[in-house]
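One chain comes next, on its own, written out as structure tokens in the form predicted alone.
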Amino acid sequence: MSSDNSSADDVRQVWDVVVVGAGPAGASAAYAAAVTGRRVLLLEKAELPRYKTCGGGIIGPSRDALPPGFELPLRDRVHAVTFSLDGRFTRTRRSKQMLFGLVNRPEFDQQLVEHAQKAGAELRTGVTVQRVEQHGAAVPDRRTVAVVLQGGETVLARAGVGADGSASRIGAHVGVKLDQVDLGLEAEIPVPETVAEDWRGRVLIDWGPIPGSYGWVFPKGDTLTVGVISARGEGAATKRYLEDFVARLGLAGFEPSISSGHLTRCRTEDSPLTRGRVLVCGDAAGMLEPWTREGISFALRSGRLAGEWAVRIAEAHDAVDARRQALNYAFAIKAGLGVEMAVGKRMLAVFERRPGLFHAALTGFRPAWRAFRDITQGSTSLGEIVRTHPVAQRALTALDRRPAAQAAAAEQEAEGVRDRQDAAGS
């Protein structure tokens, strides 16, 4: 939506909200702000659609955070999950109801942007943001944020939202702090119909050989998205894991159409989310689930909140009011997504030391599988389970504290129980 250039308080056009980055977080922020009738500009450095290293799993919380009327461009509907422990102890669990859907990110992201545009946001692609200024010559008054583009052009707005990915310039401006960085490697592998049919409606999750690592196979029609993720600093081992994983699956003979890598970054608990009239969300804020590194739902939900609160900041008449609205945004994030992230970090800490126990629980302990199912379908969350189930809370605390020797013995016992169940046909 364009605005009148003859603003009473500045000769140049001043947008209500400028959003940097047109991924799920940025598109959601732009939609949430534009649907209120405000003047919104969405900036993206790439030309759309563009590829993004991502499994493309749309779980319940992602679905529930989509704009009204949004129809998911699903490539498959998942009803079964095959779990394996570094290629061993394979077992498949099934659900009558769909667990989650799979999308190709270029299509999904493009559709989100189109919804933001229909709501009134104006899109500019092929522009790179150099920096953000909230003081100085480029800023006409204290109610304005200046976004300086490559080439020297300056965009003015009453509020800014940073959604420019995990290497965010806006995040650097806000002062985002990170304490978990992971490397994801992925290949898009076209396969014959006979192979594709074997995977239809089913995904594979493999708990990997590197502490905290796992791999996945997500089917999308005639292409399998195959990837692995582990902590940064294990680049060579992560690459070997992907190569071994692909070979083990019998897919080494198929040429990937795309091979890519990406760093995911997770914020510290005390990392700032705002600075002045600027907010950050999604990857730019370091928001994702630390254990699974699932980020789409965090991007959609935090983006929507950022867009809503950016409108309030744009309407603030002074620095005190703007600061109050920014603090309200930070509180909303921490009270919801922050709680989920805190539980996820605890889960990752346990998983890094005891992947076998997680595998045994998901494949042989019905309540654990039901929890997984309910989380992916969106009827609950990790945080909600730990908060409302004292047994789950006590179990997580105990697992996080037990000596490694005790944990190893427990894993062996759990695997033995599962093997006996398998033999009995349970």
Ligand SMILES: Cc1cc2nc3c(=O)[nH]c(=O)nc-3n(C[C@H](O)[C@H](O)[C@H](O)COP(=O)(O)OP(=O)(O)OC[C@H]3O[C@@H](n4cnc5c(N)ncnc54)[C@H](O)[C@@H]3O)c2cc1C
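Residue numbers run from 1 along the displayed sequence. Here the structure is a predicted model, which is why all the values come from computation and not from measurement.
Below, we turn to the form predicted in complex with the named molecule, even though it does not appear here.
Colleague: Identify whether the named molecule in the model of the complex is within 4.5 Å of every residue in the set 22, 44 and 264, based on non-hydrogen atoms.
Modeller: Yes, the whole trio is in contact, each within 4.5 Å by some heavy atom.
Colleague: In the model of the complex, which of 239-247, 78-86, 324-332, 179-187 comes within 4.5 Å of the named molecule (heavy atoms)?
Modeller: Only one stretch passes the 4.5 Å heavy-atom test: 179-187.
Colleague: Consider the chain as shown here, without its partner, and state which of 56, 60, 67, 364 has a heavy atom within 4.5 Å of the named molecule in the model of the complex.
Modeller: So the residue touching the named molecule in the model of the complex, by this definition, is 56.
Colleague: So which of 93, 115, 346, 169 gets a non-hydrogen atom within 4.5 Å of the named molecule in the model of the complex?
Modeller: Going through each option in turn, the one that passes is 169.
Colleague: So, residue 163 and the named molecule: in the model of the complex, are they within 4.5 Å at any heavy atom pair?
Modeller: Looking in the model of the complex, residue contacts with the named molecule include residue 163, since a heavy atom lies within 4.5 Å.
Colleague: Can any non-hydrogen atom of residue 282 be found within 4.5 angstroms of the named molecule in the model of the complex?
Modeller: The answer is yes: residue 282 has a heavy atom within 4.5 Å of the named molecule.
Colleague: Do residue 259 and the named molecule share at least one heavy atom pair within 4.5 Å in the model of the complex?
Modeller: Contact check for residue 259: no, nothing within 4.5 Å of the named molecule in the model of the complex.
Colleague: Verify the contact flag for residue 123: yes if a non-hydrogen atom of it lies within 4.5 Å of a non-hydrogen atom of the named molecule in the model of the complex, no if not.
Modeller: Answer no; every heavy atom of residue 123 is more than 4.5 Å from the named molecule in the model of the complex.
Colleague: Using the arrangement in the model of the complex, list in sequence order the residues of 296-318 with any heavy atom within 4.5 angstroms of the named molecule.
Modeller: Sequence-ordered list: 296, 297, 299.
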